[in-house]
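Given next, in structure tokens, is a single chain: the form predicted on its own.
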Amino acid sequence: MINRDQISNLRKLFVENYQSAPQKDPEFKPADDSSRSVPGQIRGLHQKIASAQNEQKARASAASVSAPVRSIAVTSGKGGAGKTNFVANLAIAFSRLGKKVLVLDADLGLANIDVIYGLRPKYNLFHVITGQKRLSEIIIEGPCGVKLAPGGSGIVELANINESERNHFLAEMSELEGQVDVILVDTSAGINKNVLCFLKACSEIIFVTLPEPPAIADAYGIIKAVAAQDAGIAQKLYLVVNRVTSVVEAKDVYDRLALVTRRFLNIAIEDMGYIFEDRVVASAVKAQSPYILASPVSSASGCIETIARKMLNIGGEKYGAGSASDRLKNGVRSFFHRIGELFN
């Protein structure tokens, strides 16, 4: 039986050995012969403490250099531009490139990404806002691990909920911190308060248009509306031209739109690519299966994969570095708090 004096001596010996041991080597063993008198349990405890400290340091180091969450809104000036289908397939492309993706279906009253994925959600964001469900209970998993937060008519209620409900909603959304890499927000077509609020809340905006004059005019109209919200636009703006018949046609649309936005709005919009007109798109919609999975070698699927790779390479230094405040600005918590403030 070890008495109190022996325990005290052992404790003192353990502390001395621990303080003198190099922290980088968890296998360090003191050269002093007195270490042999330390019971195996004490030595094991010593090693566990050192191992735990090394693990904590590694986690802290990884957290300090981790890239922030990217919030990307996808919108179009008119309906029928293929915006929702684009979001559904882009999310899968991101996921296949190793990103954890959340799709927020904010197409108010007409949310239908779940239809493209062949899913039947029982609950949506309305149930989270009103406290009926937890966020984890309404998020469903789509193809390739993509997470989907069904919208339904739930987002509309953000304009009318009281402060208590809003705080509850934001608290639920903050659970996503650290769980996703990219948030893709599918907005409604057209220009209204709800759409503009989501566009302002996101750190990046993709405008989807068609190679026809009315669609290009509508795209310019929503870019102009975004510019009118603030004196300067903080977001990165991209253009994707859908249903083109050639690369020349896609470039012509981009050049025309980029020219007028730069001349009349003093805004730079970046060419993010195009998607070819492809019969597999309509077939995939009818089959309720994303075309990137139903026809992976099609021209449309190749275009989506090219856009996804380009998006992930854009601003690598910007999103991987910077101050803590800069990283927080693009994070999940900040994104949903900006939405709450805008709808308040």
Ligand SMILES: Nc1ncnc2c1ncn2[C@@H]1O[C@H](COP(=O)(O)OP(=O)(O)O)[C@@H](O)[C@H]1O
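Residue positions are given as counts along the sequence shown, with the first one as 1. The model shown is predicted, which means the values in this text are computed figures rather than measured ones.
Beyond the structure shown, there is the form predicted in complex with the ligand, which is absent from this document and is the topic of what follows.
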**Report entry** Per-stretch contact check against the ligand in the predicted bound form, the hit in 258-266, 235-243, 141-149, 127-135 (non-hydrogen atom, 4.5 angstroms)
**Finding:** 235-243
Query raised in the report: Looking in the predicted bound form, any heavy atom of residue 84 within 4.5 Å of the ligand?
Result: yes
Query raised in the report: Do residue 69 and the ligand share at least one heavy atom pair within 4.5 Å in the predicted bound form?
Result: no
Query raised in the report: Closest heavy atom of residue 292 to the ligand in the predicted bound form, within 4.5 Å or not?
Result: no
Query - is_contact(residue 213, the ligand) in the predicted bound form, heavy atom dist at most 4.5 Å - result: no
Query raised in the report: Does the ligand come within 4.5 Å of a heavy atom in each of 79, 281 and 285 in the predicted bound form?
Result: yes
Query raised in the report: Going by heavy atoms, what in 247-281 lies within 4.5 angstroms of the ligand in the predicted bound form?
Result: 275, 276, 277, 278, 281
